[in-house]
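Coming up is one lone chain in structure tokens, specifically the form predicted on its own.
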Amino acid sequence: MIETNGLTKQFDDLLAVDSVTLQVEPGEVLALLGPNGAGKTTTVRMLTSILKPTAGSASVAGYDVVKHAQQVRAHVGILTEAHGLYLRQAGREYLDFYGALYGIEAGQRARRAERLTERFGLLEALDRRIGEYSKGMRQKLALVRALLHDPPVLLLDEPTSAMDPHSARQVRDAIKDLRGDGRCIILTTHNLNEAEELADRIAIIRKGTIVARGTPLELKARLLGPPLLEVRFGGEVNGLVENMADLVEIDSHGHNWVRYRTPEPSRTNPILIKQLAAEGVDVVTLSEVSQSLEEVYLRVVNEN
């Protein structure tokens, strides 16, 4: 649904995007992560035919972003950091205006506006001026606008920014539903927990270049090493750490717990438990320690 090959954008002396190659399938969410200035927004603008690439190519919903710019825009819903809301208009008037621009019949655009605003808890505010909306309400209205023409491709820039937890949950649930409808979604966010929850795959961009990509699990395995495991005991560790170090790689320990890594937990853990039991040690729990996408991200973006 989205395909880029060597996509590049040069602004005078600044190479903003450098040979980005991506593929995003229908029903897939790709989280495009990176620090400010990494090239995320420039990439999204090229995918919406707002910016013309300096080199490389990209197609969206089967349309070339340079040759078929109008068709690309007709098949994309975009939520940008700057919403472009007309604050003096009422929400209903604003959505009707945009629906007309997309060529949606009057009755259909009214029904879609009501259905979508009800979904995001905005229906009762439709006849109020947008200038009276909170930041979170404006964000949701901009998302409704992006969905109004039922696009197969969504490009969402910080979709839950400025939202309270309840509203953010509504939007995240909606994104999951939209993926289930077969839509292709690129999501940019600084909320790494959100990215991990929503994304099928992650692409991390730094200085205009994709420096890591894969599923969250693949990236953790590749960049953080074997799973981190924790065993807790009924008493103090004492000399257990030295004994365990013969079998596993010790990560850290406290007075009654040890964290360790092993590349073959299914083979090593039973041996370890038997060894501890033979020494009369009470094992209370043995569990995997959750490792976050944030650890992966910081490791990648902080590399020299």
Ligand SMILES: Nc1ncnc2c1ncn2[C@@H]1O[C@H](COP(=O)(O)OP(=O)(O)OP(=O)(O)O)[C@@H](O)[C@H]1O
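Given the structure is predicted, the values throughout are model-derived calculations rather than measurements. The first residue of the shown sequence is 1; numbering continues from there.
Another form exists, predicted in complex with the named molecule; not displayed. Remarks below refer to it.
*Asks:* If contact means any heavy atom within 4.5 Å, which of 252-260, 32-40, 232-240, 66-74 contacts the named molecule in the predicted bound form?
*Replies:* Flagged stretch: 32-40.
*Asks:* Pick from V281, L293, A16, L22: which has a non-hydrogen atom within 4.5 Å of the named molecule in the predicted bound form?
*Replies:* Answer to the contact question: A16.
*Asks:* Looking at E81, E105, D181, E132 here, can you tell me which has any non-hydrogen atom within 4.5 angstroms of the named molecule in the predicted bound form?
*Replies:* The residue from E81, E105, D181, E132 that makes the contact is E81.
*Asks:* Is there a heavy atom of R88 no more than 4.5 Å from a heavy atom of the named molecule in the predicted bound form?
*Replies:* Answer no; every heavy atom of R88 is more than 4.5 Å from the named molecule in the predicted bound form.
*Asks:* Closest heavy atom of D96 to the named molecule in the predicted bound form, within 4.5 Å or not?
*Replies:* No, no contact at 4.5 Å.
*Asks:* Verify the contact flag for H190: yes if a non-hydrogen atom of it lies within 4.5 Å of a non-hydrogen atom of the named molecule in the predicted bound form, no if not.
*Replies:* Contact check for H190: yes, within 4.5 Å of the named molecule in the predicted bound form.
*Asks:* Check whether E194 has any heavy atom within 4.5 Å of a heavy atom of the named molecule in the predicted bound form, and answer yes or no.
*Replies:* No - in the predicted bound form, heavy atoms of E194 and the named molecule never come within 4.5 Å of each other.
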